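Take a look at the structure tokens below, where one protein chain is shown in two forms, each on its own, as structure 1 and structure 2.
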Structure 1
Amino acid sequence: MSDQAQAPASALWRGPWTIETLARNGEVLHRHRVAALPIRMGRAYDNDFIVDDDYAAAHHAVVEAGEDGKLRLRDLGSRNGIVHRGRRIKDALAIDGDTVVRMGHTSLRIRGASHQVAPELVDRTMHGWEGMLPGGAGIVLAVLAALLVAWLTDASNDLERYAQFPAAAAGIGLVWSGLWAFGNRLFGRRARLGRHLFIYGCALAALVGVRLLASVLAYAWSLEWLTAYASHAAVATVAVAVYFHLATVTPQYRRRLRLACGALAVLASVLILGGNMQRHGRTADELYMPVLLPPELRASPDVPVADYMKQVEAMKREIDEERGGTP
């Protein structure tokens, strides 16, 4: 909080004063410095602070030193008045450095020279990791991931696919990152295309990696649920990627972004589970694990046919229940 609250008298009321015009999201659009009180505000040119707003009066308001040591904002009989927290103030309002008022379409606040600012943030941004270098790395990662997919799924020695897959990955990456960069330019003043490309490349590689890892682990140790619910790992990967994109755009709200991305991921997972349930009557993505890998990757022991048949036998109860359940 500001220190004016504890100010004993007008001794601390020293200028110069800074009037800040704010955007809706609280960002400062414009600052104007005034040397001394009172500050007259309005559209007319004889004001100390000229409000460029068609909805403001020529002489709209004045800021004066109040008797209690606070500043007072007084309406000069304008038509649209002054609004504070959604309410029009009747006559005058005691304000401090964090009071935001609206006159016409303009939001502003007034801070004295002694206003205490928040401590500086720890800078975790790697400033060297911007531009061409991460952008190039991202594209390379995406292309490598696409090449791996192209090679794994190549069953016909078709050379064309080794051009198509990377081209598609790079093209989609440029469009995706371009959109993020556009948002970044809009809200964060810099495009940071390279950073976004890098995030995209990592995400694509992670998606492929997670899928492969799930398959290998599931096959090696008979963990069929790993591939049956692999789509949730993909959702989590995408959520993490989106978080990094968002954090690149607005680094100051990391905690909130983390929560939002987490919530979105949970929502997507629930939708997938619900969709599977509706379409196939089960929550898993697949009926059984179709993954077959080289025998060297198998770690768990196999069971004899007789054991397996017991398992099949045990399934009867479940099926009969289902049959009886919904006639």
Structure 2
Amino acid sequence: MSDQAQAPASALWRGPWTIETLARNGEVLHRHRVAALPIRMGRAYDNDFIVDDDYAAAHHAVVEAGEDGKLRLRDLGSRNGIVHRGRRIKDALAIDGDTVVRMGHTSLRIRGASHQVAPELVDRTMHGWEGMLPGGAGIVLAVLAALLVAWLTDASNDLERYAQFPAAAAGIGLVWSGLWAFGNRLFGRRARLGRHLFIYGCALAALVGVRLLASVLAYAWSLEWLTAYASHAAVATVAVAVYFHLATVTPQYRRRLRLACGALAVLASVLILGGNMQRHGRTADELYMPVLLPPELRASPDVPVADYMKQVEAMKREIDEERGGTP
């Protein structure tokens, strides 16, 4: 049995007391310490804790010790009352350090000095990889990836694309990472724009690299499925990038984030397969491998023309049989 369970209730509820104002997601917005009971709460300035809420009464509630030594929260006759778990309490409510109540539009909880806190989190923040350095590295990665795409798809020596592609990659990265930084500022207290830019740059480089590697392997060893289902690799890459963005915002929920991003990736892949079936009658993205690379990259042995024609004849017979025996 823990020391906390063995201690008398009065000992567990010794002051000073900390009143916490909570956001909807449970995050603490403000803390206020009170030395002793009773604690009077409301909008009036003669309270021990001022509830800055137009829907709270001037003298809304009081916290006092019950006969058993535990805390009791009592309504002082306010119009809107005290709400606990969606129901308005009529009598005094016994509270502990995890009891959350609402007065007007304000959610509160009260904790004593002996309240046990959770163990500290393992710090995986990598404080040295913050700010301008990762942000600049992310932009450089994005620009290099865009230049590679511009070069690989250049069929007319159009020099403008070598400026347009990097500019677009950098602009999209700033907007994308800026949105994540805004969310990071809201829910994680720090923007961490440099980290989000780095994640974006790595994700864009990975997307280009995976696509290029799949094309080369598919061409070299006749593995057409690598390009036929390349969209699923892109989905997996985006899911990993989104996970790292979310883990940067809320690092304490990494396991849940991995499961959520994995589930979304599977859902997206299923939708792609279903969409391909509906549009083309097949699950693959493409009917034929669209990549043609230099012959030096071919690793599979060449097929003699005679053997190739035998395969074509065999395929023709199968197709004729499926059509009802008509050549």
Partner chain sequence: MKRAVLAFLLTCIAFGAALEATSPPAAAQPQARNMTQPAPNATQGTAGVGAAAAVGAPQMPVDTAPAATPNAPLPGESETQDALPEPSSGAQDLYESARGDLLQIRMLLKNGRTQSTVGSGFLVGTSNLALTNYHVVSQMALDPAIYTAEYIDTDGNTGPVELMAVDVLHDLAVVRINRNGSGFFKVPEQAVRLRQGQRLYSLGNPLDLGFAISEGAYNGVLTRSFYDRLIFSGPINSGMSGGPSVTASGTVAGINVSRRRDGESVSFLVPVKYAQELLRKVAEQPAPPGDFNPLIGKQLLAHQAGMVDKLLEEPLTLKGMGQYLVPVRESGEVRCWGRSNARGAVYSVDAMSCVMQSAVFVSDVQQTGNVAMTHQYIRSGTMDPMRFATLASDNFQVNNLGSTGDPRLTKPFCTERFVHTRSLPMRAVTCVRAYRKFEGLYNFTLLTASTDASQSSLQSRLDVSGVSYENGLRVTRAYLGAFGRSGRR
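Just so we're on the same page, residue numbers count up from 1 along structure 1's sequence. Between two forms, the rigid core is defined as the largest C-alpha subset superposing within 1.5 Å. Note that the structure is a prediction, hence the values are computed from the model and not measured.
Between the two copies of this chain, it is structure 1 that is the form predicted together with its partner chain. With the core held fixed between the two structures, Arg298 has its Cα displaced by at least 2 Å. Core-superposed comparison between the two structures: the Cα of Tyr162 travels 2 Å or more.
Put the two forms on the same core and the Cα of Met309 is off by 2 Å or more between the two structures.
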